[in-house]
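Starting off, we have a lone chain in the form predicted alone, written out as structure tokens.
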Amino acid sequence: MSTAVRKTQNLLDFLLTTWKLNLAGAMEFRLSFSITVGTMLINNFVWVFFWGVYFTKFPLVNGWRLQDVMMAQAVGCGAYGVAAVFFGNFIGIANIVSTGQLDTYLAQPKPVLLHVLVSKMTISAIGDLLFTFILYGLYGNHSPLGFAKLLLALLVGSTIMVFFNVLAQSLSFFIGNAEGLGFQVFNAFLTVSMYPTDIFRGIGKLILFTVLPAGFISFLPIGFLRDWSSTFVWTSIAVAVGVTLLAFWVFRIGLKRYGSGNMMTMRM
């Protein structure tokens, strides 16, 4: 077995073990786990109710039907669900850096950014993932191709969401505590990623596809799931790859500026 293959196998084993332990920890208190997940499901269905009432009065909004908006909710919630379940620290990096907790990760023989990202699981996000597949069951394309397209949409959406927010959170390396700024960026990104892209015009729409690339998530139900737009699909994949590479590069540059917090902690 070559060195590269062995390293890849070790990394996959590490990721699977970490996710397994995160889930085991989350399910230690079964009742609390069930309530948290169930509450998130109910919270999400409130939006379904409001959109349902809206579309009984206005069946078409700038070319978007009820089915399209429901799939936008499914993709937006699903992208967040994948990000928060498997890479739960993607919105916690600023706090980890500013409080000196990064020392714990630097002392271990694992890729630092990847280790930070997978070391936390947000339990409520499991409710978002369940919500996604319930909406898909109600409004999605149930063919094998339709399901494969949903999975690819979740992969592209979650990749953009994770690594764009890693970029925002990495500002802590350069400006000090950026926890508040990072949280505001995340809230803005998540909110607009679940609304029909075509309700935005002019400079607002330009921002959604450049500065705050949430438009590449919210337009997936139209440009990829409903209609095949080669330009949009390949641009979305390119943006996902580009944001990922940029996030790793910025985080690596930031590490060189990082000053130890001299914090003594232990991870089991």
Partner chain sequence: MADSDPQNHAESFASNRTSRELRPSSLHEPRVSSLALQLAKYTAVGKITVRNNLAYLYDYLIRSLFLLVILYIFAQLWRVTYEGVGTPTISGYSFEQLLWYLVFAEAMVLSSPRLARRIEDEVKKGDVAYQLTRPVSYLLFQYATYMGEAYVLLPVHLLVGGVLGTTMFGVPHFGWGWLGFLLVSVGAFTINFLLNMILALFSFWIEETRGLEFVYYKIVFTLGGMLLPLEMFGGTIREVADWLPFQTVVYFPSKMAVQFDASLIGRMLGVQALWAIVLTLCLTLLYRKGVKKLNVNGG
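Computed from a predicted model, the values in this text were never measured in an experiment. Positions refer to the first chain, counted from 1.
The discussion below concerns the form predicted together with its partner chain, not included here.
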- Which single stretch, out of 192-200, 106-114, 81-89, 132-140, brings residue heavy atoms within 4.5 Å of its partner chain in the model of the complex? 192-200
- Message: Can you work out whether V61 and its partner chain are in contact in the model of the complex, taking contact to mean some heavy atom pair no more than 4.5 Å apart?
- Response: yes
- Item | Proximity of S34 to its partner chain in the model of the complex, heavy atoms at 4.5 Å | no
- Query: Would A188 sit within 4.5 Å of its partner chain in the model of the complex, counting heavy atoms only?
  - Reply: yes
- Query: Might G242 be said to contact its partner chain in the model of the complex, defining contact as any heavy atom within 4.5 Å?
  - Reply: no
- Taking its partner chain in the model of the complex as the reference, which of W228, W234, F29, F50 has a non-hydrogen atom within 4.5 Å? F50
- Message: Going through 228-249, which residues have a heavy atom within 4.5 Å of its partner chain in the model of the complex? Please give them in sequence order.
- Response: none
